[in-house]
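So this first bit is one chain, no partners, the form predicted on its own, shown in structure tokens.
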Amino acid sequence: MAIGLAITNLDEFTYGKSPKPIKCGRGVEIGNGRVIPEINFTLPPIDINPETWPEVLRQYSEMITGICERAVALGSSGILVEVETLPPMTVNPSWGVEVSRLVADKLDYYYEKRQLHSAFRLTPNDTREHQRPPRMRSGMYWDGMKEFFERSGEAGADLISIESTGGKEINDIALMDADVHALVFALGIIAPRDMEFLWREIVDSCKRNNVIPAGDSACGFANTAMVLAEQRMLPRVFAALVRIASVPRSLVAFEQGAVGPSKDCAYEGPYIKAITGSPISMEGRTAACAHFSSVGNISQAVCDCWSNESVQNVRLLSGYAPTVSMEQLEYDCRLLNVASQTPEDGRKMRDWLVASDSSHDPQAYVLRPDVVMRISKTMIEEDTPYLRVRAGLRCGLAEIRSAISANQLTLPVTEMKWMDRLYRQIDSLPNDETEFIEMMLPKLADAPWIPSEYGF
């Protein structure tokens, strides 16, 4: 069923404010007028096994203690802490629960003793792709994920998210060949099927365990394209289209009951916010510790939480990297929140963030708030993920072409050569979803996927 936009006025599409703010954790409000720093941290290279487990716990204790101490010293009004588990911690859920509980207990301590407001986002990783071809609905990896979801309350999580990978095995083929048809099959057909299955499980588990289902990320799809484009292994205009095509699959989590904030590495977040009204977390220049991008400032324009991506626990001159990231995020959020004390200044800050990036790369241009609203409106006029992806691609490519004509976006000649090729591929997508599936299944007969794992 087609739905309408939650945000219809561009002046109201800005950072720190969402139509559906949420309260969580220890006095944290997200989307209610202030941007909250979200700190994400991980281990340096280490083999996780029973012998090294005490060192793993020591490092997590060191990281969260340093983060909380710095937040208190800076007088932070509230922080969101995320733990993205490493694969052994999801395969062995007891390990993941122990690490998460350690972090949650430390947040409790700093709230009770130092009055630090905080919330804890737990993000189990999707281990299903560790088996090739992936088994999405059965097997030991899926069993471990389900157990971890069910123990999220025991682990102390306030929110739960995931960077799910259903459909990635076909999306990878699409990226290698810059193939629009394979891309649409991955993100418009099988990824939404997996999202519906996966997020029904997550939401049901959250209800049983008093945990907030936050949201997903198309990291394995669109961020992979972004990184490949940064390495000049993929056209940037194609990577921009992958970003748009990832929106309908991420939207499924919210249709199943997720309420936000969406994941920081979900650069499709502005579309999710415009459509659902839920708060979003974003990352940009602060994520350079993990990857490079062309969207370092514009990604901040409508964020509700501002994050750093995963930073390793390595020593820098001032201190350990997670503590350094905490300070950087807090100062960024201070600036945003001071600017937004008057609506006019808040919009001006948003527009500066947008203008600094949007003319340099099509991946940035499709994150412009006005462009996001137009493409979102076009997509949600359709009833199914397939039709939404098709409509979004058509609209997105038209927006890019219009921006080039208006001198609002500059593309090198090598990128311009792709425009007509991509138009032809998009225009050849059939109106009927069943026809498209029947057309694609024989072409993907030898691909490394199991159709029955997606309900075929």
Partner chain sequence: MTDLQPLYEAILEGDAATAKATVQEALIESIDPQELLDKFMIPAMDEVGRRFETNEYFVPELLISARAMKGALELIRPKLADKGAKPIAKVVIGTVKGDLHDIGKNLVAAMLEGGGFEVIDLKVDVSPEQFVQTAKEQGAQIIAMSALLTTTMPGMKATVDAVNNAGLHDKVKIMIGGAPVTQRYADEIGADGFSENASAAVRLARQLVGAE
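In this text, all values refer to a predicted model and were calculated from it rather than measured experimentally. Numbering follows the first chain given and starts at 1.
Although it is not shown, the form predicted together with its partner chain is what the next lines describe.
(message) Given the stretches 97-105, 319-327, 232-240, 277-285, which is the single one in contact with its partner chain in the predicted complex, using a heavy atom cutoff of 4.5 Å?
(response) Of the options given, it is 232-240.
(request) Check each of 189, 178, 354, 91 and return the one that places a heavy atom within 4.5 angstroms of its partner chain in the predicted complex. (result) None of the other options qualify; the answer is 178.
(request) Select from the listed residues 349, 74, 228, 203 the one whose heavy atoms reach within 4.5 Å of its partner chain in the predicted complex. (result) Partner contact (heavy atom, 4.5 Å) among the options: 228.
(request) Can you work out whether its partner chain is within 4.5 angstroms of a heavy atom in all three of 10, 359 and 401 in the predicted complex? (result) Zero of three within 4.5 Å in the predicted complex.
(message) Please determine whether residue 209 contacts its partner chain in the predicted complex, using a 4.5 Å cut-off between heavy atoms.
(response) Residue 209: no contact with its partner chain in the predicted complex.
(message) Does any part of residue 69 reach within 4.5 Å of its partner chain in the predicted complex? Heavy atoms only, please.
(response) Output for residue 69 is no: heavy atoms all beyond 4.5 Å of its partner chain.
(message) Can you tell me whether residue 130 touches its partner chain? I mean in the predicted complex, with a 4.5 angstroms heavy atom cut-off.
(response) Taking the distances in the predicted complex, the answer for residue 130 is yes, it comes within 4.5 Å of its partner chain.
(request) Check whether residue 406 has any heavy atom within 4.5 Å of a heavy atom of its partner chain in the predicted complex, and answer yes or no. (result) Residue-level check for residue 406: no, no contact with its partner chain.
(request) Using the arrangement in the predicted complex, list in sequence order the residues of 433-456 with any heavy atom within 4.5 angstroms of its partner chain. (result) Sequence-ordered list is empty.
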